[in-house]
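As a starting point, one isolated chain is supplied in structure tokens, in the form predicted alone.
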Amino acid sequence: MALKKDLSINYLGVKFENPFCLSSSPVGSDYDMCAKALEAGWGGIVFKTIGIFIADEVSPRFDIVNKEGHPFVGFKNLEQISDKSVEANLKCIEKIKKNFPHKPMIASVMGSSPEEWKQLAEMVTQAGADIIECNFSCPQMTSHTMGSDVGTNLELVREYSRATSQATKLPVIAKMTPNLTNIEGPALAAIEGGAKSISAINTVKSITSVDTDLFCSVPVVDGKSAIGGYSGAAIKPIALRFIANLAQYDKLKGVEISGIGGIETWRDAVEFLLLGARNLQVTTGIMQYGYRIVEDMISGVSHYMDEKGFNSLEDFIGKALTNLTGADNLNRDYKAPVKINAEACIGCGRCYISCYDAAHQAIDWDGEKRRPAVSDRCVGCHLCLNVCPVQGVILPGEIEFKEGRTKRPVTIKTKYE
């Protein structure tokens, strides 16, 4: 039987039985979907973004990026906010709260003027939402008064956050776009406008592929296409960077963060938590594997906590932030050359090729035995370790200090799985 620890967390003063929520997207856009997800164990819902504007969608509107036969690592969409009326969406929210009163409902909204943001805030509050999320970040809206164009405009972010916050007593989240260099500025503007939390990130503007026969990027819509939003496992590194930026920014200290972007497994979830997120939102993982992934994530996080001796999520939220520093502060006194387990090596030669063609020519190759050997030219870059198709064959070896540097204990990663 799967291990279950107490994963409950207070986010914006609302208790969630676990931090896992559907993010604002097609995976939570009607009553039946949300009910199925909540019954599967999800901690809450961020309902698909509601607007006065009703989306008129294209077909098709999805594309994927594959990697060597694996399930897709990247996902592009041209989907906009809800294509249902405000009235229909409000009825869904009311019904979900009636039948699942202890499951938090976060209503995502998007307006095109302060008046619309105020109106939407009032309506979802009356419908029974527990929290409001302002969507300042959808990259494929057809109007420049909505979506990620708003999220890059500090004045609009501040103004719309204020309009929403003043129209409700509910806590307000500002959902940030990653389609900028600095996320801290818009996030601070949202807080100055009255938002209480930041969620990040929404999808990354992208062209995922081009059809070389039709001479058109994909998806192809009557011979044309458009830049859309990229999500999935491929954007997790970008999301983690922005979460850490937000958590470490002095002017946002104490502001709670909801993490979004490539969360598919318990390990992904733990990484976001370690960098300061206390609520987690998922879409693309559900699109691949269904709502049941929450069972694996709950079990995996529980086992992780049990192994580390953590009794609650609070014990490790943000725990990795103190070890995140500037590149100029990293220890450059040593190198960690690799060692190769010859018995476990399958003789593919990838380490030799990668090292010779892209690194320091520090691996010698025995063509007769089909075995690599590390030379004293190894600088410990660990490219070979990362391209090796068999985990554990190449690992860090003994630490070597550079000439004239003081020897002292150092901490490096030695466990790869």
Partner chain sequence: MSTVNKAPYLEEAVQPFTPRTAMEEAARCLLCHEPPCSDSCPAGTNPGKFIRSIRFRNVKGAAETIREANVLGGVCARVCPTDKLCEEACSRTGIDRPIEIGRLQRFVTDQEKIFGMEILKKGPAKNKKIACVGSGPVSLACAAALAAAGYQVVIYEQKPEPGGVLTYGIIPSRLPKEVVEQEIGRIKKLGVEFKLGAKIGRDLSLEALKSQFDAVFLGLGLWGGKLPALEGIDLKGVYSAVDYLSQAKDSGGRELAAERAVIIGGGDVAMDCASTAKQLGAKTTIVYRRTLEDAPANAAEVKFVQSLGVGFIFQFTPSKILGKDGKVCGFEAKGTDGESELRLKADQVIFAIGQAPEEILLSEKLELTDKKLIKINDENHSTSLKGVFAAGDAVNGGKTVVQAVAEGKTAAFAIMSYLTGEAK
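Residue numbers count along the first chain shown, from 1. All values reported here derive from a predicted model rather than from experimental measurement.
Just so you know, the form predicted in complex with its partner chain exists too; it's not on screen, but the next bit is about it.
Considering its partner chain in the model of the complex, the lone stretch of 351-359, 40-48, 383-391, 26-34 in range is 383-391 [heavy atom distance within 4.5 Å].
Checking Thr208, Ser299, Thr152, Gln248 for any heavy atom within 4.5 Å of its partner chain in the model of the complex turns up a single hit: Ser299. Scanning Leu240, Ile293, Ala234, Ile191 against its partner chain in the model of the complex with a 4.5 Å heavy atom cut-off leaves one residue, Ile293. Contact annotation for His144: none of its heavy atoms lies within 4.5 Å of its partner chain in the model of the complex. Its partner chain is not shown here, and in the model of the complex it never comes within 4.5 Å of any heavy atom of Arg332. Among residues of the shown chain, Glu184 is not one whose heavy atoms approach its partner chain to within 4.5 Å in the model of the complex.
Its partner chain in the model of the complex is not approached by Phe310, whose heavy atoms all lie more than 4.5 angstroms from it. Annotation for 258-295: interface residues with its partner chain in the model of the complex are Glu264, Thr265, Trp266, Arg267, Tyr289, Arg292, Ile293, Glu295 [heavy atom within 4.5 Å].
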